[in-house]
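First comes one chain, alone, set out as structure tokens in the form predicted on its own.
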């Protein structure tokens, strides 16, 4: 098993009796999910995706990735939220956060359409000068402001550089199967398209074409990714908390939440976990944060953030708990060099593997934070392979659904996301929003 939950540090915070008492709620959540009788049941395609994915499209993804690898120096993934976070998380976790700076036979990968920044888009355009470029625009509708603007910019760049016909071979679109502005435009333009499934929400879409095309372009084993997710899908079919670490994680989160632990901090000890943390924050924040309920998802990378947020975690408001992702095997062994002068007084570490120092720092921090009144649990991951990460992705997605049902919310909608979009459209003067614009401008003074 690639993922294990270690709850040994929770004994003073969560009792065996509490786990027994929450079991009926876990079982009910499981039944709602598996029978598809719960809220949001039209967005459950992700539950069987690891085995029920479109094999023909999967082969096209591999072929498109190979074409991109041969023809491009730079590949740009255009999308926001779940349309890019999952892919970036996998690429940086399996490869490196310094992926673009490593020696490789795959294109550099950049991300656009995830902000509203003139500086960022201008900077990326300058990076693209003199380079061969391919783009993948990822949007269900094609009308979300951030990616739509970026698509305009880079489509124009490609058409200017290669002509309309040449650009057609370098633009790949991941969108709705049959409907929407972007789908209709792409069909008319002759772009190759991939599908955002109707029954898979954006934050659960990393194992669809949304995530798989950029991941494959980076040279990552997408078969292994899917196989790991499929193994997790098989492993977590039993709702018994004594046999299901995924459900146990969901149950513990809710037990702690009811005790006032309203913030969960996801902890990594490797810089390559940073974007995985960001993906996790969207998954849980957008799934649970509604109806004035939900655990606030935060994240840190230790030991870096021990020198910034460590003080607050140790001694601040006791409304938080930590979930630590501990990766057991490192692909690199690095012995600490000896200093004959022993200037820093650290020669007692000479020859010691840096991975052991990291593990010791984790153990020391766990004990300190638990002693400081912060519940800690560990998610132990075997390694940083595509298989193990696929397993972990499904673990988090399934736990999120179960946790949301226990919490009493619909884990698969996001009604609050639309509020800022409507305000922005009105204030920018989108036709049809005139009355709303006047009202908002009056409020702004």
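Positions refer to the first chain, counted from 1. These figures come from a predicted structure and were not determined experimentally.
Absent from the display: the form predicted together with a small molecule. The rest refers to it.
With the small molecule left out of view, the stretch that reaches within 4.5 Å of it through heavy atoms in the model of the complex is, among 133 to 141, 214 to 222, 335 to 343, 298 to 306, 133 to 141.
A heavy atom within 4.5 Å of the small molecule in the model of the complex is found for one listed residue only; from 388, 414, 376, 47, this is 414. The partner is absent here, but in the model of the complex a heavy atom of 286, alone among 286, 245, 264, 108, sits within 4.5 Å of the small molecule. When the small molecule is considered in the model of the complex, residue 96 lies well away from it, no heavy atom lying within 4.5 Å. Taking the partner from elsewhere, residue 100 is found to have every heavy atom lying beyond 4.5 Å of the small molecule in the model of the complex. Proximity of residue 81 to the small molecule in the model of the complex: non-hydrogen atoms within 4.5 Å are present.
Using a 4.5 angstroms threshold between heavy atoms, residue 282 counts as touching the small molecule in the model of the complex.
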